[in-house]
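A lone chain, given as structure tokens: the form predicted on its own.
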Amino acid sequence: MSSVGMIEQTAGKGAARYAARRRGNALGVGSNRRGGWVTYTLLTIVLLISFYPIYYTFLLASSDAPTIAQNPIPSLIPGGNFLDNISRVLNSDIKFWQALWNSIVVAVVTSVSVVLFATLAGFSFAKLRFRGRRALLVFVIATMAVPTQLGVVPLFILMSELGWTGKLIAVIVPGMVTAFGVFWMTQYFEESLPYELIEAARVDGCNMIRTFWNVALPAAKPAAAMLALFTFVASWTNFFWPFIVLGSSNPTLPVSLQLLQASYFKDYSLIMAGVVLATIPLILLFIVAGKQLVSGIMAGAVKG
């Protein structure tokens, strides 16, 4: 006789049904069940709310300055000036293509370096035992509470002394590792990488660097992918420090788009066309990498 049948005889049908449900959940039964109409309705509402700012930007980019001045809230039907505004942005004197290339270089190099160094630091804090480990981790996390603006003056003086002002290296080097990335990878390694795997690698003759490369780094792919995405977006949209240290001579894309604003008149159709151009690479990145990121996260959750 099965355990559910024994429960039904001793405790009744209600207890047996409850035990059957618990057993089904433990075995993963019903995990592929689709959500109801309430779930899809809420997801649709959230999707529309999230998409509307992008669509509103596109509406302004497809309009013109006199129309926007008369009606700041445009109709839901796009105008016919989008391609003309895009052409005006590309043919303007804001160095768009140079700024686009600079943004790509900064975002890619920063993302790779943050993932590499944060993964190394996270593995060390999570799985290595050394004196002062916790205190040092607390210090690293505490730096997240310090506003970026407080370090701008000494950082700019340092960049001037090194002769890096106006160069991309002045933007890349300060962002090569982040406290958030170290905290993110430390938490992931503590929860998802068992000590048994590290000990098995050491028994097989791997040194610590090889253990990190062959064991820890493959296990950290889901978290590393998410960290790379966060870092890329943050670097791509960063305006404050590049505006200070690069200026208009060698700008990134946000700094370059700021030059579209004239002193006494702002053509919002032209500005929003530039914003659309700057947003398209991020949208393509999410479309291309979104499925792989979700599958990587789910794989990491199952393994963990």
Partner chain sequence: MRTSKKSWVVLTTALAGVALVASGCSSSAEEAGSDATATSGEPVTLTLATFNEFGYEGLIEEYMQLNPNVTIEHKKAATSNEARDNLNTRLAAGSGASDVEAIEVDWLPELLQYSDRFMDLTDPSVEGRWLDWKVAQATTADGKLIGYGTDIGPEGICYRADLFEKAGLPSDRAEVAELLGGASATWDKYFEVGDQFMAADTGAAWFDSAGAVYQGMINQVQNAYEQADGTIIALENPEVKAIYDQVLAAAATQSANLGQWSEDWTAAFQKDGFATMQCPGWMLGVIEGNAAGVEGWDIADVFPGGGGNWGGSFLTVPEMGEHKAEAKALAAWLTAPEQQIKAFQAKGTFPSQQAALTDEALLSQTNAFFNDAPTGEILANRANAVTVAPFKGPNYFAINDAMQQALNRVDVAKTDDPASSWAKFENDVQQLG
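Residue numbers count along the first chain shown, from 1. Keep in mind it's a predicted model, so treat the numbers as computed, not measured.
Just so it is clear, the following notes concern the form predicted in complex with its partner chain, a form of the same protein that is not shown.
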query: Of V152, L197, L90, L83, the one that lies within 4.5 Å of its partner chain in the predicted bound form (heavy atoms); finding: V152
query: 4.5 angstroms heavy atom contact with its partner chain in the predicted bound form for A61; finding: no
query: Contact flag, S160 vs its partner chain in the predicted bound form, heavy atom cut 4.5 Å; finding: yes
query: 4.5 Å heavy atom contact, V109 and its partner chain in the predicted bound form; finding: yes
query: Non-hydrogen atom contact I209 with its partner chain in the predicted bound form at 4.5 angstroms; finding: yes
query: Stretch 230-245: residues contacting its partner chain in the predicted bound form, 4.5 Å heavy atom cut-off; finding: F239, F240, F243, I244, V245
